[in-house]
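Next up: just one chain, as structure tokens, the form predicted alone.
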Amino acid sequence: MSAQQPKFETQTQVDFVVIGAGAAGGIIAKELSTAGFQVVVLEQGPYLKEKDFDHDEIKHFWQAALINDWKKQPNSFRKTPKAKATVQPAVMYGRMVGGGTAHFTANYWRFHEIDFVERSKLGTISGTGFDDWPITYAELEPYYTKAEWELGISGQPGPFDPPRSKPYPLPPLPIKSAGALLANGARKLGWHPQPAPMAILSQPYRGRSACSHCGFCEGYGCEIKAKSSTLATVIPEAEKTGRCEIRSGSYVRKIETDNAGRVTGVIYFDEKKTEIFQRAKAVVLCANGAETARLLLISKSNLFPNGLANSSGVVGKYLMFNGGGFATGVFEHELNEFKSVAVTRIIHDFYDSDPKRGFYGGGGLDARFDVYPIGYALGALPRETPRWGADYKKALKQYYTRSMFTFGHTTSLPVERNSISLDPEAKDSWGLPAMRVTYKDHPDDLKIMKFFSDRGMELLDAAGATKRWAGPVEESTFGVHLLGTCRMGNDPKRSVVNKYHRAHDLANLFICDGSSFVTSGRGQPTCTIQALAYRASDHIIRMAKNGEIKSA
């Protein structure tokens, strides 16, 4: 806890409890507390600071240092609703103050105008919930700009970018070898490379240091605050108000309601697994697109027998993961891609869905080498490479410094059966029902992954790779981007929250994170999650000040 943090009594009815201190929750906590409201933020993970971060690959990638721990919080997975779910890791998210923004790659793409109106432009897609958003790009644009300037984003607009009211606050990060090869190859093919927008500082900004290019970025916390996480940016500002208390180690088990159907507060376990009830006038749920749905389903009562905010039956449904099309290239000379940030150049030539392809889907392409030495040695070499002995060592030495990947970030269609639900048998370490994930990619999702894998192979060839191979296109069994499970909409029978993120069923419950998405965008959701959080905050503040939020 910082020196500025208040300590609210649990029986004090605070103005807002925010559940989750990640991409959306951190912003909403800052906006509400700055506007004069009392805010308690409940975060299940620890409150780590820059001094706590290190470069231990085993700890970060095999021991769940910054993410959910499947030993304590098991998932189960099945491909269809009729199949028996098997206990296995199925989703990953940031579990700490700052959430996924503390360790993400930091790609920071705005959605394009088409993302919000694709159904109107392309028509329906059979077997899906493909739909327009209840808001437009123009309505969200001021909040994209606010996010970029408050958090600190480095970039430069490209030829396919949507309109913007203000330039990026910081110039692009220096180009790396993979970025230069991507740009050269793309130009030979007639494509249009552009600097990657990144939530990493290219220059000092608002008292924070510029990136030192240490190379331990994706998967790690930043020791010098150059990554523009909510941990490094808005959460300290929220604490400075003296009206925001961050309670880390708080594992929420239920959002409580009264007989009139109003939210009264939140029941959670503290670090000693003692059950505590925090009273609140209103609750803002920002626990990510998987845990948000799970918590609503767990919070059922006699008044809400199918889970909270779920009169539509839509809570947990239309889960979207985003897809990926991969290819690997090896070059004659050393690239040394282990240095600096993961991505410096991207391609958006294939962003829009093109009916001429014969299927729905679009995306963006980047070049990177985001694998660390142990992970590379265990699984990233070509299949024909020996796995032991002198030839294995020779291959490691040759490939590690000369390789790069192309990564196509692609659409996922909203399919009703793809969902978060409660496992009837598995429990977490707190005795609550484990998360059950049901997911099977729509055939068009697999086709767009293959399309981008093929474009990656073309790009590597044009860039001069001496050896290249495509990654397999397989059905998803694991998700990192957790989208769509409490979708926005104007119709209470087909959506969970309205265009202001207010639950249709409860006047003092708001939901804002990846769960609010109607469609998936093109594989980089954080920028839009945070723009939505700024927009939701404005409307929650307006409603609170106008007396439109009736508490218990």
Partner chain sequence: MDSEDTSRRLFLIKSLTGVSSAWLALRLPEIVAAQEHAHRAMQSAAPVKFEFLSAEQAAEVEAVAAQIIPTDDSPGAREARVIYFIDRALTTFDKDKQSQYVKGLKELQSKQKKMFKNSAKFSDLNSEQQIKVLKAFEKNEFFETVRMHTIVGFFADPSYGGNYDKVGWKLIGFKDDFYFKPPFGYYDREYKEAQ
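All values derive from a computational prediction rather than experimental measurement. Numbering follows the first chain given and starts at 1.
We do not show the form predicted together with the partner chain, though everything after this point is about it.
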**OP:** Work out which of the listed stretches, 134-142, 288-296, 212-220, 265-273, brings a heavy atom within 4.5 angstroms of the partner chain in the predicted complex.
**Re:** 212-220
Original post:
Only one of Lys427, His192, Lys121, Lys339 has a non-hydrogen atom within 4.5 angstroms of the partner chain in the predicted complex; which is it?
Top reply: Lys339
**OP:** Counting non-hydrogen atoms within 4.5 angstroms of the partner chain in the predicted complex, say which of Leu335, Ala434, Met457, Ala85 makes the cut.
**Re:** Leu335
**OP:** Verify the contact flag for Leu422: yes if a non-hydrogen atom of it lies within 4.5 Å of a non-hydrogen atom of the partner chain in the predicted complex, no if not.
**Re:** no
Original post:
Heavy atom to heavy atom, is Ala183 within 4.5 Å of the partner chain in the predicted complex?
Top reply: yes
Original post:
Lys176: heavy atom within 4.5 Å of the partner chain in the predicted complex?
Top reply: yes
Original post:
So in the predicted complex, does any heavy atom of Asn490 sit within 4.5 Å of the partner chain?
Top reply: no
**OP:** Counting only non-hydrogen atoms and a 4.5 Å cut-off, give the residues of 381-401 close to the partner chain in the predicted complex.
**Re:** Arg387, Trp388, Gly389, Ala390, Tyr392, Lys393, Leu396, Lys397, Tyr400, Thr401
